[in-house]
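Okay, so here's just one chain, in structure tokens, the form predicted on its own.
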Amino acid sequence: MQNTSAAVAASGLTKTFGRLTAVDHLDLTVPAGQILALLGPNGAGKSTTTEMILGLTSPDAGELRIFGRSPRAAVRSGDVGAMLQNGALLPDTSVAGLLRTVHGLHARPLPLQQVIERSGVEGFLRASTSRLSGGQAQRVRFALAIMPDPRLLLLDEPTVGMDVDSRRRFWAAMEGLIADGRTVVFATHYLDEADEFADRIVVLNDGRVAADGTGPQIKAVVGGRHVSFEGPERDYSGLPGVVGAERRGVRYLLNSSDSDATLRALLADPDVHAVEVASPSLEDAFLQLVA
């Protein structure tokens, strides 16, 4: 397998730890310039896959190429940047000192001031790395990830520990990087981020691909629409088009394969009110896929 046009080309990728198979014959191709979200429950194989792409661990079987080269060769050349959730920072040094030190180790890094501005660390450059909040530490990890000016950027739970405003600013910065044509692979538990920012979503479960497609394609797994309303206490599961019914507090939620027919039947009842119709969410599809 030689796919030099792909940022990531994996075939039959397998990794075991004793009796546990973390990644099970994974086939995955990520074209250059694509924004890919990796989703999956804990233990699905996301972190192990990321570690193999980075050359931190070797597969037991299968083949893996990054821009047509081995993962370690791609990392050494500066083509790969990574932001790992639990990546340790050099302790007891200032953020500015850490960034200057690492900047000098790269062959063709982005200008340091550009790294600082894009990562949003300018407000705490003098702070010690040992005294950073979770969100601040994540932004420093992001600065280190983009510093080598990589063609492929791997992000493991990039916004964990960030508040809502910090998350928004992070993705605004990411949009600038994406516009430069970089390939981005990110793992997240924030499904709204995957739905909004990814060109493609891959759901992993038990080390295998459970679903692969765009956000709308993944959500189509659930099918139909959700109809919610308030009304008299009764069994609504027999209404036309209804394939699932449940009560959530004072409201009923119906999953319908024919929302028009369901609505006609509901609205014939004068005691039914506050009716809302919505498409299934990515969370609905995700929960069904990994159940």
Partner chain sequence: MTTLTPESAAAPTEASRRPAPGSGRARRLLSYARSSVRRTLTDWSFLAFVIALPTTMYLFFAGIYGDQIAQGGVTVAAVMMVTMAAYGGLGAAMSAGAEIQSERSTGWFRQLMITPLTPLEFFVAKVIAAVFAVAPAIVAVFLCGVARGVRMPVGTWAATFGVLLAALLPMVLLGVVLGLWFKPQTAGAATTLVMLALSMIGGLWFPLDMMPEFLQRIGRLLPSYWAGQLGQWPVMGGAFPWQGVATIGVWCAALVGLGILGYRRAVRTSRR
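This structure is a prediction, so every number in the text was calculated from the model and none was measured. Residue numbers count along the first chain shown, from 1.
Just so you know, the form predicted in complex with its partner chain exists too; it's not on screen, but the next bit is about it.
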Fill in: Heavy atom within 4.5 Å of its partner chain in the predicted bound form - residue from G123, P111, G134, P216
P111
Discussion item. Please tell me which of E175, E196, D92, D165 lies within 4.5 Å of its partner chain in the predicted bound form, judged by heavy atoms.
Written reply: D92
Discussion item. Contact check in the predicted bound form: T48, R69 and A107 versus its partner chain, with a cutoff of 4.5 Å between any heavy atoms. Do all three pass?
Written reply: yes
Worksheet item: Does its partner chain get within 4.5 angstroms of any non-hydrogen atom of R200 in the predicted bound form?
Response: no
Worksheet item: Is R208 one of the residues lying within 4.5 Å of its partner chain in the predicted bound form, judged by heavy atom distances?
Response: no
Discussion item. I'd like to know if H189 sits close to its partner chain in the predicted bound form, meaning any non-hydrogen atom pair within 4.5 angstroms.
Written reply: no
Practice prompt. Spell out, yes or no, whether the shortest heavy atom distance between M52 and its partner chain in the predicted bound form is within 4.5 Å.
Written response: no
Fill in: Residues within stretch 176 to 208 having a non-hydrogen atom within 4.5 Å of its partner chain in the predicted bound form
D180, R182
